[in-house]
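Taking the form predicted alone, here's one chain by itself in structure tokens.
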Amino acid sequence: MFTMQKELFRQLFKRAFTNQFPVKHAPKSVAKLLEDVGKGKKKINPPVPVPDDFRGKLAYDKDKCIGCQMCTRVCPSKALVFDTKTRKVKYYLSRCTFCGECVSICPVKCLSFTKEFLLADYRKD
């Protein structure tokens, strides 16, 4: 029990190991960062390739949409809502579970997944 309390107090006063996401303080100059990488001062890890069937952010082509509302009927999280004024679909990213039901049922394929995965933000909308 004593070792657990000792570790607790030690962790209490240490700096956090994690970084805030999205990055709170972006570098002022990307050119300077790349220059440092070229000189061997810093190292950038290459990005991990995203698979072809990756379910990233939902892309919605308003011009293709025929207003059939099939996507809104199958969406389990109610992330897609039909707007009767514009006869188009409104998409709420914060509700989406990336299940892919809307993409697979759309008859005109106006919904698709992108490879974008950095979707965290401080604001819900």
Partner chain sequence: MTLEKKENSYSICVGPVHPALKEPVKLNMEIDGEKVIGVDFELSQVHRGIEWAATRRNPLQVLFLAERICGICNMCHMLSFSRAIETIGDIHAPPRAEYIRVIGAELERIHSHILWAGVAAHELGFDSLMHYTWKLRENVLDTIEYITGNRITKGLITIGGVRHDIPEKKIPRILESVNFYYSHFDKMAKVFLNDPVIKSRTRDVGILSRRDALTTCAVGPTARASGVKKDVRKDEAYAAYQDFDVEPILPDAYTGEIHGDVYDRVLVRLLEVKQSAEIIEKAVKSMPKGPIAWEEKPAVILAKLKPLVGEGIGRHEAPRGEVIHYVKLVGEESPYSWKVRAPTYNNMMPWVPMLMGEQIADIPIIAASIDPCMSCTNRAVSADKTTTMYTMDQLRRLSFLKTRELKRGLGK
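Positions refer to the first chain, counted from 1. All values derive from a computational prediction rather than experimental measurement.
What comes next is about the form predicted together with the partner chain, which is not displayed.
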query: Does the partner chain come within 4.5 Å of any heavy atom of Y92 in the predicted complex?
result: no
field: Residue contact check: P76 to the partner chain in the predicted complex, 4.5 Å heavy atom
entry: yes
field: Contact test in the predicted complex: G40 vs the partner chain, heavy atoms, 4.5 Å
entry: no
task: Would you please decide whether G100 lies within 4.5 angstroms of the partner chain in the predicted complex, comparing each non-hydrogen atom pair?
output: yes
message: Can you work out which of I66, V81, A59, V50 has a heavy atom no more than 4.5 Å from the partner chain in the predicted complex?
response: V50
